[in-house]
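Before any questions on how it binds or moves, here is one chain, the form predicted on its own, in C-alpha cells.
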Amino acid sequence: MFDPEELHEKLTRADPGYYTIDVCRDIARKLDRIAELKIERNAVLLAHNYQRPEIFEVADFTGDSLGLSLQAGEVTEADVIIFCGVHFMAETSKVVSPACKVILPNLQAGCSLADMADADDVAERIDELREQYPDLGVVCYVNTTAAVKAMCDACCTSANAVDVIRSMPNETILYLPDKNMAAYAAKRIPEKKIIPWEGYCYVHHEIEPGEIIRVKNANPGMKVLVHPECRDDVIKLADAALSTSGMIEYAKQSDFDRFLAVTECGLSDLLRIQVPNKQFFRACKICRFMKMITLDNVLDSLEKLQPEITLPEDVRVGAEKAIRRMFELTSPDLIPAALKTAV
C-alpha cells in the first residue's frame, strides 16, 4: 500500500505547489490499484526519466529509452510491458521483447524528433546519397521509428553516438534524425564526413544559452550538465554533455552538490527525488508528449491491455539488427541476452 504522507514528502521535492496532501491521497489510491493490476496481468511497468513524478513511484524500471527496453528484455517471465514513454520507445521494446504484449498508455504520446524522419523519405535520401558516396553508412539515433531503424546499418544512443560512428567502417555517414547530435559528433570525429538529417528535438533545440548563463551567474560554482540534443552554443556552456542516465550517474557520483540539468524538466524532478541531499536547478523545457501519459492512462491500459504496439516482423527484425550492431561496434562483450538470442 502506498502511504499518502510518504508520497507527499517525496513528491513535494519535485513540485511542492502541486503535490498537496489531498493530491497525494488520490495518487496513492491509483498507485495501489495499478500495483494490483500489474500482478494480475503479469506486467512490468517502464518509466522514462522524463515522466511525471507519480509514475516513477509504481515503475519497475526507470531510465532512458533503450536502457528500459533492454531491461524489459531480461524480464522474460513477464507477459505484458507497460511503457510510460513515447511511441518509438514502445516500438523499441517490442523489437527487443517480441513475445510480450507491449502497451503504450496513450497513443498520442509521439515524438516530434522521430516524426521528422519519415521512413519513405529516409529510403529516398539513402538512395540519393549512395550514388554520390558508394561507401555510405547510415546511423540512426534510438529516437527513430522501428521502420527507420530497419533500414539503417546501426543504431546509437546519445551516450554512444560518437563511439558508434567512429567504429563504423564507412568514411561517410548519414546520421539521423538529430542535426544537433550530428554536429556534436562531427566535432569529435573530424576524420569522417557526417551528413546530418535536418531534424531536431523541439524541447532541447529551444533552450537558449542565455537561460544557462542566467542560472550560472545566480549560482556560481555549480556543475552544468547538458544533453547532446541541445544546440552547440548551449553545449559549449556545459561541464559535461551526457545522456539522461549519464546525468543521473554523474550527479550521484560527483563531489559537487549543486547542478543545472539542461534537458526536459522531468529529469530535474527525478533527480530531486533520487538525490535529495543535493540541489538541482532548472534551465529546461517541458515535453508535451512525455507528459501526456497520466496515472489514469496507466490504469486504463492495464484494465484493457490496450493500446497495443505491433510491428511487421520484417521491420522488427531489421530494427533488431541495427540495435545489435550498435553493441557489436562498441561493446561486444556487453550484448544483452535479449539480443544475443536473436536470429
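In this text the structure is predicted, and so the values were computed from the model without any measurement. A residue's number is simply how far along the shown sequence it sits, counting from 1.
Unshown form predicted in complex with a small molecule; subsequent notes refer to it.
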Testing 252 to 260, 223 to 231, 183 to 191, 130 to 138 against the small molecule in the predicted complex with a 4.5 Å heavy atom criterion leaves exactly one stretch, namely 223 to 231
Even though the partner isn't displayed, in the predicted complex is H204 close enough to the small molecule, meaning a heavy atom within 4.5 Å? yes
Contact label in the predicted complex: L174 to the small molecule, heavy atom within 4.5 Å: no
Can you work out whether M89 and the small molecule are in contact in the predicted complex, taking contact to mean some heavy atom pair no more than 4.5 Å apart? yes
Even though the partner isn't displayed, in the predicted complex is S65 close enough to the small molecule, meaning a heavy atom within 4.5 Å? yes
